[in-house]
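Presented below, as structure tokens, is a lone chain in the form predicted on its own.
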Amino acid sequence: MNYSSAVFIVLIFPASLFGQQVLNELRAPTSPASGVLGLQPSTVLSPKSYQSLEAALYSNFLNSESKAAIPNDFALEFTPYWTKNHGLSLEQYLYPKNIGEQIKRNSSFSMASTQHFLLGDSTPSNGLALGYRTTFYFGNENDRKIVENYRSNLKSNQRIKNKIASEAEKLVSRPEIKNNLDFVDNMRNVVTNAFFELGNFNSLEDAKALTSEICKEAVTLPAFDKQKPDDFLDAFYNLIDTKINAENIFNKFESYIKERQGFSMDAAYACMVNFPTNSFEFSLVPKQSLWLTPTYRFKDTWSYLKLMGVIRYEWYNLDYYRKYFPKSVAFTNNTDYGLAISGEFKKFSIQFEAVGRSSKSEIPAGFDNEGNELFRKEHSTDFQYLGSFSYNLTEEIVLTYSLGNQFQRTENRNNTLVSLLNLNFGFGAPTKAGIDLKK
């Protein structure tokens, strides 16, 4: 695929994704499968968004002839639960009743593939990785207070509008109501009482003051027409919404749901499958990985910051590496540990990670006088630092560039520079239509 085709897809494809507004924006792509296969240099698995399907393309977007092209290294991550609308209330969405419910909702399965997995003699082979992850969210008291405060305001605003609308619908049919001023004069006490009884006003005077503002502006609304009162009523209801800040409260609540504070934990597993002869009948599993990624999002003025830790344990098939990478040094296992900090803003995010590695192995060292095999222990340490910049082209398309120095790889020990551009697509996140934010 040439450059013009690639650009056409990137520019046109977002249009097909503009549907209902999602409640959980796509994040920078990290998946267990792409991590264990080496497509994704980041060791830290960022918490997954609620997209039911994500597809990521990994490349510098240049082919062997230095022409731009869509790469054939890619990854998919699939979350079965979000493939359909479950009719959740806000309470159910934010606070699953038990751990089993969290596992069911957040379980995702990933797959990554490359046709350029180079063996020790530089022979290209096919590599495939499979992964699983789930997330546990631990809500705190402050989070529940914030959510409840938003919900209370939304419910209060809805009750106010219901009461006003009920009286307004009756009023427009009365013969004495002939113009805007007649309507306003008859609605003044109704609006004041609705504000004072159902709203969060400190005094009756505050409710009367806001009512006066509304009545003054209502006189200048499109003229009341006895035969078509809906145009005037819609404008009047919109004025009420504006004055009680209903839309702003709703938007802030929605933003908070997307960026909830508190502590969560990702648990993941992945394994790599290699086809060294490029034959489907012959495959080996060179390595496997387990992750634990605790994450904390700060609150209030620091709510854009997220701190993540990682503990990853990898174990290797030494027989595989001795056969296909005879000149490389392979260890039985690696233990990775480190931190990442992420700043998430409206359209973009920046993440930095620093991760250490401890590698251990037992190497055959001959036999003793009685014929027992002897082993010697080998140990090594390494360090990785990485920075990533992500930009949301839309709520469901993210472009990410990563730069840094990664661990020395067993497969290619001389290649530690990270300079990677990737594109991530998301499909099927929960939307306003599927979850009632007021319930």
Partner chain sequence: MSKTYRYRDLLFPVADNTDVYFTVEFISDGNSGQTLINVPGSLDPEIENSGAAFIGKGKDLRGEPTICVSTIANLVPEEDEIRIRYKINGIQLVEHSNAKSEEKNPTIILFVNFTAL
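Residue numbers count along the first chain shown, from 1. What you see is a predicted model; the values in this text were computed from it and never measured.
As for the form predicted in complex with its partner chain, it is not shown, yet the points below apply to it.
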| property | result |
| --- | --- |
| Its partner chain contact in the model of the complex: F183, any heavy atom under 4.5 Å | no |
| Y237 within 4.5 Å of its partner chain in the model of the complex, heavy atoms | yes |
| Residue contact check: H86 to its partner chain in the model of the complex, 4.5 Å heavy atom | yes |
| Contact label in the model of the complex: F136 to its partner chain, heavy atom within 4.5 Å | no |
| Per-stretch contact check against its partner chain in the model of the complex, the hit in 319 to 327, 90 to 98, 284 to 292, 264 to 272 (non-hydrogen atom, 4.5 angstroms) | 90 to 98 |
| Option touching its partner chain, based on a heavy atom within 4.5 Å in the model of the complex, out of R188, K299, K163, K243 | K163 |
| The unique member of S212, N179, T277, Q158 whose heavy atoms fall within 4.5 Å of its partner chain in the model of the complex | Q158 |
| Residues of stretch 166 to 183 in contact with its partner chain in the model of the complex (4.5 Å, non-hydrogen atom) | S166, E167, E169, K170 |
